[in-house]
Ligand code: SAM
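The chain below stands alone, shown as C-alpha cells; this is the form predicted on its own.
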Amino acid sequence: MNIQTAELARAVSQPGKRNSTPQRWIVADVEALFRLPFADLLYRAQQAHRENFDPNAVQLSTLLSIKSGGCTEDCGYCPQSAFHSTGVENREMLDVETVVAAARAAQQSGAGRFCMGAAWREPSDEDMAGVVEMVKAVRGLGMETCATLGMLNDAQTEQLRAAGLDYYNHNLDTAPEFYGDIISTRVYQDRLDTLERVRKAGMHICSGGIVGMGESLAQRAGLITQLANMDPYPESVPINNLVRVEGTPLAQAEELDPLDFVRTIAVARITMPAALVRLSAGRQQMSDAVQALCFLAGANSIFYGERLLTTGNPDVEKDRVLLDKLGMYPM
C-alpha cells in the first residue's frame, strides 16, 4: 500500500457517533480501508466498537422461515427461488401458534430478537394479515421482532408498524454495479424504495449483504458504501458469507478467503460505528478462530439456532461453548 493510500485511509477511518452528522463515504475511501494492513484495520475497528458498545456483549437473534420455497425472484444465491432446483419445497405459511411456539423456545434459549422470514417477492393482503398476527403475538412474549418479507408498499409498512414490528430486514445484497449479475427480476432501486418506506414508517432497518459471490474488492467496498451512506445508516447490518447451495447459479463460486470476510466485518464496523454488525450466514463453515476474529473486528450480533431459513447454522450449545471460551455474553 503506498503512502497516499495509507494517509487517505487514516483520514477517513475515525469512528463517529450516531447522533453526529453522518459521514459521507466514497467507494475509493472504503476500498482504502479494505487495503489497510490487517492489524491496523482490526485496531481501528476495535476502537470504533469500544466507543459505541460493550466489546464483550453480543446480541442474539433467532430466524424462522415462516414460508419456504417457491419465490418468484431469481436471486443467484438463493435455494428458495422457483428458478432453481435445490430440493427446497414450496410450503404454505406457518400458523401463528407454530411461530409463537418457536419464538418461545428461542427466548428460553437466550435469544432476544425473533426474526420471521418469508420467500416472497412481496406479500399479498392475505399474507400480511397472518404476519401481523405473528408480530403481535411474538411482541407479546417480550421479544424484539423482525421480519423479512420482500418488497413492501406504503400500506404494508403501516400495517407492520401498527403491529409493533421493531426491525424490517431487506438486504441490498451487493453493490449497485454488480447487482444485475446476481438478480434480474427486480432492480436495485426497488430495494432502496422499500427501505425508505420502512424508515418513514418509523421502524428500524436491518440491511446488509452477501460477500463471496464473485464480486471485486471495489464492488465489496461499493456495498458497504451504499449502506454507510444511508441517512441514517441501518441499525442492524448482517454480513453474510455466501453459502454455496447445489442447484443455484452460485454453487460453484470461488470460496472467499476467511480473512477477506473478517476485513468486511471490520470495514462495516468502522463506517457504521453505532450499528449492530451481525455475523450472519456462513458461520457453520467458519472455524472458532475465524469467528473470534470477526468479533474482534466488530461483529456483535449473531443468529442463534440451528437453521437460517433453509441453510444450516451452528447449534445453540456450540455457540454457548464458543461465547464462553471468548468471555462473551448476551446483550
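Position 1 is the first residue in the sequence shown; the rest follow in order. Since the structure is predicted, the reported quantities are computational estimates derived from the model, not experimental observations.
One more form of this protein, predicted in complex with S-adenosylmethionine (SAM), exists but is not displayed; see below.
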item: Contact residue in the model of the complex, chosen from S236, Q80, Q226, Q156 - any heavy atom within 4.5 Å of S-adenosylmethionine (SAM); value: Q80
item: Contact residue in the model of the complex, chosen from L242, V198, A221, A106 - any heavy atom within 4.5 Å of S-adenosylmethionine (SAM); value: L242
item: Heavy atom distance at most 4.5 Å to S-adenosylmethionine (SAM) in the model of the complex, all of R139, G164 and I205; value: no
item: Candidate stretches 127-135, 93-101, 166-174, 227-235 - the one whose heavy atoms come within 4.5 Å of S-adenosylmethionine (SAM) in the model of the complex; value: 166-174
item: Partner contact for L33 in the model of the complex: S-adenosylmethionine (SAM), 4.5 angstroms, heavy atom; value: no
item: Residue contact check: L276 to S-adenosylmethionine (SAM) in the model of the complex, 4.5 Å heavy atom; value: no
item: 4.5 angstroms heavy atom contact with S-adenosylmethionine (SAM) in the model of the complex for P123; value: no
item: A111, heavy atom within 4.5 angstroms of S-adenosylmethionine (SAM) in the model of the complex; value: no
item: Contacts with S-adenosylmethionine (SAM) in the model of the complex - residues in 117-150 whose heavy atoms fall within 4.5 Å; value: A118, A119, W120, T148, L149, G150
